[in-house]
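The chain below stands alone and is given as structure tokens, in the form predicted on its own.
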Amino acid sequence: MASTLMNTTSSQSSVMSEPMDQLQSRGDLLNELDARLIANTADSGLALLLVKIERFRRLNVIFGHALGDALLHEFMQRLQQVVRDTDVVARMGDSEFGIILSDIRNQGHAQLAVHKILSTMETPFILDDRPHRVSIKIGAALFPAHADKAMGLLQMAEKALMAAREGMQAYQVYAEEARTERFYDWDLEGRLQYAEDNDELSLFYQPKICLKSGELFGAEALIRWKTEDQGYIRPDIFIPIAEQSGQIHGLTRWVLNTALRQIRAWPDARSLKVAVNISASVLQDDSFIDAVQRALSIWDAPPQSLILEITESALIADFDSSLGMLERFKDFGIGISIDDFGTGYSSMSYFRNIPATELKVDRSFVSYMLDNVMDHRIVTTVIDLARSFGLNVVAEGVENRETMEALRELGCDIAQGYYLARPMPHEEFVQWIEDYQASH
């Protein structure tokens, strides 16, 4: 393919000679798209692709804007490898690009271009003598199949891009199913606002057991949402909706207060700990510190009884902002757990600054550690790392006795998983504690 970058004022221009801030805007792309739709014949379609660089803001914050600009420059050079003289590339925002593909006969033709873009971005970007992998998401919409106007086509491509990002897919071609799913999300978003008032929310608890002594360490609090007409809505469905709508802040406060209230009913409550999951966005809210202190005071709970869990990837996404708040929590005596450890992107330079008290090995490693040598090595490494930093290490996803025994031999501190107990409603968990302590 030829590699010419076009704009509305010049039929051919190279990214090497065109400064990044002079590339087309969203308005320019819409104007060009509108003109091409008018000129199109019935047997000649086109496609609009929206390409999003994931976690670009994180890269800018951590490594600086100069490296970010260098990444964009090379990114545009790679796009040139897959566009033709008749195609148009426009920068739509800090990390989003629009591409008009001409003479697209069908969806398969558009997908071929998408796969070429994905393929050319797989090779790490060498920036400042270091390799950086870039993850991208692509949304695609076709004329005339999905829309016959420029704005409509852009909206369909935006919906496809949103579906790709929410569905953790590399790309998505617009489909009515994606549109229907989005309407479903909007419906849940509206209903989630009243879930607490309608008494639809509850907490389930999954026990955490000390491997050395066999004693109950505590439990992880897991939010559940049960509607009258649909039954339980999976957390992996409504939590992302709460994140995007901002409702996650209210939900987190509800979980926090409910867990600290219910722990008072646990047998031997003062020696047990309850873990509450915290999203990265909640850690950006300065008022959350006051909310935690107030909840501890209201329910007369010692700070040592509370553990705040945050995933490794969420923490690294906005490391500097999260770090200060986590340090304050640790100073209060609250535990800090890094969840899904080993699946994120943190290096030792980040890890050594995290004020953690606990590491949780991701279940994807624990579940297969007896059958997969690499998973066993990862689990062993995390346990050794935690020990060297004086941290507790929790293995989640313990599904059988053999895995539990192997973890005990490796020096793992705490186990959590279906072999020990599934998550259960509060009333059942209180009875479970009594039965477990009686038998141990």
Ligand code: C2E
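The first residue of the shown sequence is 1; numbering continues from there. Please read these numbers as outputs of a predicted model, since none were measured by experiment.
The form predicted together with this ligand exists for this protein as well; it is not shown, and the discussion that follows is about that form.
Exercise. With heavy atoms only and a cut-off of 4.5 Å, decide whether residue 397 touches this ligand in the predicted bound form.
Key: Answer yes; at least one heavy atom of residue 397 falls within 4.5 Å of this ligand in the predicted bound form.
Quiz item: Might residue 229 be said to contact this ligand in the predicted bound form, defining contact as any heavy atom within 4.5 Å?
Solution: Result no; residue 229 lies far from this ligand in the predicted bound form.
Quiz item: Is there a non-hydrogen atom of residue 235 within 4.5 angstroms of a non-hydrogen atom of this ligand in the predicted bound form?
Solution: Output for residue 235 is yes: heavy atoms within 4.5 Å of this ligand.
Quiz prompt | Any non-hydrogen atom of residue 330 within 4.5 angstroms of this ligand in the predicted bound form | solution = No, residue 330 stays farther than 4.5 Å from this ligand in the predicted bound form.
Practice problem: Would you confirm whether the three residues 223, 248 and 363 all fall within 4.5 Å of this ligand in the predicted bound form, going by non-hydrogen atoms? | Solution: Heavy-atom distance to this ligand in the predicted bound form: all three under 4.5 Å.
Exercise. Work out which of 295, 255, 170, 72 lies within 4.5 Å of this ligand in the predicted bound form, going by heavy atoms.
Key: Answer to the contact question: 255.
Practice problem: Only one of 285, 158, 340, 200 comes within 4.5 Å of this ligand in the predicted bound form by heavy atoms, so just point that one out. | Solution: Exactly one residue meets the criterion: 340.
Quiz item: Just one stretch in 371 to 379, 389 to 397, 48 to 56, 61 to 69 has heavy atoms within 4.5 Å of this ligand in the predicted bound form, so which one is it?
Solution: Of the stretches listed, the one contacting the partner is 389 to 397.
Quiz item: Considering only 189 to 206, what residues come within 4.5 Å of this ligand in the predicted bound form, judged by heavy atoms?
Solution: Only 206 sits within 4.5 Å of the partner.
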